[in-house]
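As structure tokens, one chain now follows by itself in the form predicted alone.
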Amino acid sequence: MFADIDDIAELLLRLVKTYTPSGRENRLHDILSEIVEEFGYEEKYVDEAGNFIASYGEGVPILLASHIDTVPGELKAYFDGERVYGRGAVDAKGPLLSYILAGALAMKNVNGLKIYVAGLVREEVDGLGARHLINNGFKADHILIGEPTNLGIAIAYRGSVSCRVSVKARGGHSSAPYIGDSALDRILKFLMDVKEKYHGSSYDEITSAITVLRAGDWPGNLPEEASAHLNVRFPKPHKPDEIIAELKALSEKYGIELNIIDSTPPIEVSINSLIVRMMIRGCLKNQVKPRIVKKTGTSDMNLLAKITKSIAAFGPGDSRLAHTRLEFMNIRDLLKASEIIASALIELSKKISH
């Protein structure tokens, strides 16, 4: 049905060429509407948060959700005959397109299922789209999250705490720093303490990253103001409140003002959940060795697990390319992902109908 790689690449290029950093996702609504209509979806709408949702069928609700926002930084979008390059190709417009195609592939072979495909907003910022679904009582018995997993079935994501820290000082002349008061020195001491405390290097450890640092207005002056953005990631059994309390204690030690931007709990689900079992079958039916993976990042899966524990993340693409200038999506991988997901939906339909 989707054998023409050039046609699928053209669809992905349409998505990738439309620059949609968080907050500007509405630019993609009309294009997505045209695509899902072309593939036979029965209903489509944009909710109050800006999420794009298409659906077909009746019965047990299944949600295939990815996100339509990207990190800032527009990139040249092009197809080289094998890969589509550009911002969002891998994170996560490629996975989203694989979900749309999967739903279309399965359409004539599923009964008793209501298939939803959703492009959610602000995943890269605060998960507004996912939170809106939760707060408005969206129902789904099973959920797949479209993220680049290299065709691995992700059952876990670490939690995240993002914060902004700032400090003011009296400053002074750079020739006599020992009698001055540098805001930069104070915030650096705080940041280095955080890095020393959270210095992990694997999924099972707590890690920290300084993503923004600003200070100073003149080479000869000690900075009077300094600010930074900091992100801490952590696995179960750690909780956001635990991390926030530790950051607060350190900030008070150095007289730093701490503002929490976002906090998301870690998630890990059972390998025996129905959606994971169906994805394993989908892989086997398409000659792909099933791989169970745990992701070091955070996704909408962390939030949408409140709706159901039969949830996993899956998609084409290498997550190491996300948020880089080297984003690309191999179209054959995208097609393979859609075939695996379609097989899983058909298997799920058989399971439910029996």
Partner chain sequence: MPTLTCPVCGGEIEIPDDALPGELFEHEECGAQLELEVDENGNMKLKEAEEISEDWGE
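Numbering follows the first chain given and starts at 1. Bear in mind the structure is a predicted one, so any value in this text is a computation, not a measurement.
In what follows, reference is made to the form predicted in complex with its partner chain, a form of this protein that is not presented.
Contact with its partner chain in the predicted bound form, defined as a heavy atom within 4.5 Å, is made by none of 25, 44 and 128. A single residue from the set 211, 270, 135, 111 has any heavy atom within 4.5 angstroms of its partner chain in the predicted bound form; that residue is 270.
Taking a 4.5 Å heavy atom cutoff to its partner chain in the predicted bound form, the contact residue among 119, 103, 148, 88 is 148. For the chain shown alone, residue 295 is a contact residue for its partner chain in the predicted bound form, at least one non-hydrogen atom being within 4.5 angstroms. Although the partner is absent here, residue 239 lies well away from its partner chain in the predicted bound form, with no heavy atom inside 4.5 Å.
Within this chain, residue 142 is remote from the site of its partner chain in the predicted bound form, having no heavy atom within 4.5 Å. In the predicted bound form, residue 275 stays away from its partner chain, with no heavy atom inside 4.5 Å. Note on the interface: of 184-192, 257-265, 217-225, 153-161, the segment with non-hydrogen atoms within 4.5 angstroms of its partner chain in the predicted bound form is 153-161. Contact residues in stretch 311-342 (any heavy atom within 4.5 Å of its partner chain, taken in the predicted bound form) are 319, 320.
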